[in-house]
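Quick setup: one chain, the form predicted alone, written in structure tokens, and binding and motion questions come after.
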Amino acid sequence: MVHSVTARRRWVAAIGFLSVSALALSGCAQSQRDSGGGGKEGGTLTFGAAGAPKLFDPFYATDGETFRVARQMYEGLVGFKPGTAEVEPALATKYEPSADGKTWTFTLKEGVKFHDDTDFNAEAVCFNFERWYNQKGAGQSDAVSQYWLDNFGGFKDTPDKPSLYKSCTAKDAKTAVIELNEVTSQFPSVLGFTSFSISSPTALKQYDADNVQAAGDAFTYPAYANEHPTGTGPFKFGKYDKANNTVELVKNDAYHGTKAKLDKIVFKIIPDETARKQALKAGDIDGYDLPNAADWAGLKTDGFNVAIRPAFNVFYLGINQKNNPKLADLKVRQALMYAINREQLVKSQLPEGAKVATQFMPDTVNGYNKDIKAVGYDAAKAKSLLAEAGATDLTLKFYWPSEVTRPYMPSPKDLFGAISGDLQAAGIKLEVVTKPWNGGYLTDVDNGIPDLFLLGWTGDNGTAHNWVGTFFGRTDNRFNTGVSPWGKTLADALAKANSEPNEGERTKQYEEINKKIMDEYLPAIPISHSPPALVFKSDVKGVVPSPLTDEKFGPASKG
């Protein structure tokens, strides 16, 4: 079995720090191992979701609640070892690069069927890659194909935006050869992202999967994305009952691997965290993500299993330079950073173990610059910088999301209250807008409507590029860094670092980039890294907490 050596090396330290947290649900994981995949068969697991899924086509997904549902139905060529961010085979049994790192040969698992009985093979793999690469019209929008744009770049008909992807060839039924235009530190781990799961070519064609249409500031998606998602995973799509806020998945009896123990998974959408806790205690749900840190001890006392994941995320205040020219002034952006009492916010609003972020990645990622110090709260300094920039009358449109809880943002309303209060104390006027997470908020952010917005990131893998490259690797990003002359300089530096084959040199380049981001560019304000938790009833076994929030329910059982 051939694996990425650099990916393994990169994660030696990370796996060590994950082990203690993963043991918080050790009963679950141990039960699965000791029984050789045993556990009670049948039954329904009802999970309390913090928000509604945007859709069910993983390629167009951008948020955690959508990915949570999709990853139960789909698989990629590679995946991540449960409880870690270590890459392991999935639909590919092995993968090997050429000497120059631009050609990757994937040997595929045989005897695999999609949920519609279509054969999984090299032709299906290449069909998916070509589908992604050949997006047209609205499909090329950042709000629609964000993960492709962030990780592979442009499309076939966008020569001004070159793509990492070059071609895919089905050498034979079980061998797919993928050619890249350049070396990247992210390959092959990027193929473990849920967005790059493999869909049935038959279903993609039958249900018009690429027919995405712009509808004002939003988009409409085809039948494939809404009603007919078709992967190879241990669960199949059942139904989405919007009236009752539930998504139902059913067991895939023809699954190629160890079959699911549960007959059914129901994701019950309960946006309010207190309501999720009450539903758990009432027995209406079997578990939920992101319990309030203040409730962790009480939940444990009441007999529930609470697993605390590592703080593999970053919460930030996004700054959009497009609409208000004053935000293109570094002094104004620095004033925003000095105005926010991040240390107090971490102590009062976030769980134990949270820390102030000095940069846009946690300290377990190679490329983190330990020499960058946190900027302390200084309201007087903020006012002085605003005066120097001629921005004492600054008014900003500030967005915050409702109907959601995220690993880095456990209570958006409270975090918004703390940050907005600090900004107003520094003399900044705010026009406040709140919208549901998947009901306009993310769309407006992607369309560059807010001046300020709350957002964050949970790492998809252990590469530095998955953090700063995702945020700033393009100039037409959520921060509109292309407005500033350094936007392209930063994007070019990130591209150079990502393609550097020597790991030591690549790490050094990312460290230097992180320092420039904080000292010279400041395209947004990193606020915190926060450890999220996951809670289940004591009779739920087999769910292994993931630092990537990549939990799979295939091994789960009840009773």
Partner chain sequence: MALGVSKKEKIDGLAESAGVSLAASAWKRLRRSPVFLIGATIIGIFVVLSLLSPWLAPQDPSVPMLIDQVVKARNEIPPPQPGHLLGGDLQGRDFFSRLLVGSQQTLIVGVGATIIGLAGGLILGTLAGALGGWVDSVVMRIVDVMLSLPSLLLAFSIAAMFARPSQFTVILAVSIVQIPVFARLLRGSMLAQRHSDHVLAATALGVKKGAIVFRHMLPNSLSPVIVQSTLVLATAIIEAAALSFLGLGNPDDRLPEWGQMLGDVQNVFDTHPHLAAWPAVCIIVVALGFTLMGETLREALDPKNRR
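The term rigid core refers to the most C-alpha atoms you can superpose between the two forms while keeping them within 1.5 Å. Numbering follows the first chain given and starts at 1. Keep in mind that what you see is a predicted model, and the values were worked out from it rather than measured.
There is another form of this protein, the form predicted together with the partner chain, and it is not shown here; the text below is about that form.
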Exercise for the section: Would you mind picking the one in 105, 434, 206, 489 that has a heavy atom within 4.5 Å of the partner chain in the model of the complex? Expected result: 434
Problem - Option touching the partner chain, based on a heavy atom within 4.5 Å in the model of the complex, out of 359, 195, 334, 349 - result: 349
Handout entry: residue 98 within 4.5 Å of the partner chain in the model of the complex, heavy atoms
Key = no
Problem - Interface membership of residue 228, the partner chain in the model of the complex, 4.5 Å heavy atom rule - result: no
Exercise for the section: Decide whether residue 413 counts as a contact residue for the partner chain in the model of the complex under a heavy atom distance cut-off of 4.5 Å. Expected result: yes
Exercise for the section: Using a 4.5 Å heavy atom cut-off, state whether residue 292 contacts the partner chain in the model of the complex. Expected result: yes
Handout entry: Residues 324, 380 and 395 all lining the partner chain in the model of the complex, heavy atom within 4.5 Å
Key = no
Problem - Candidate stretches 340 to 348, 481 to 489, 117 to 125, 252 to 260, one within 4.5 Å of the partner chain in the model of the complex by heavy atom - result: 340 to 348
Handout entry: Within 508 to 531, the residues that have a heavy atom no more than 4.5 Å from the partner chain in the model of the complex
Key = none
Exercise for the section: Taking the rigid core as the superposition reference, indicate whether the CA of residue 405 shifts 2 angstroms or more between the shown form and the other one. Expected result: yes
Exercise for the section: Would you tell me if residue 437 moves between the shown form and the other one by 2 Å or more at its C-alpha, with the rigid core held superposed? Expected result: yes
Problem - Outcome for the Cα pair residue 352, residue 543 in the model of the complex, compared with this form (closer or farther; change of 3 Å or more) - result: closer
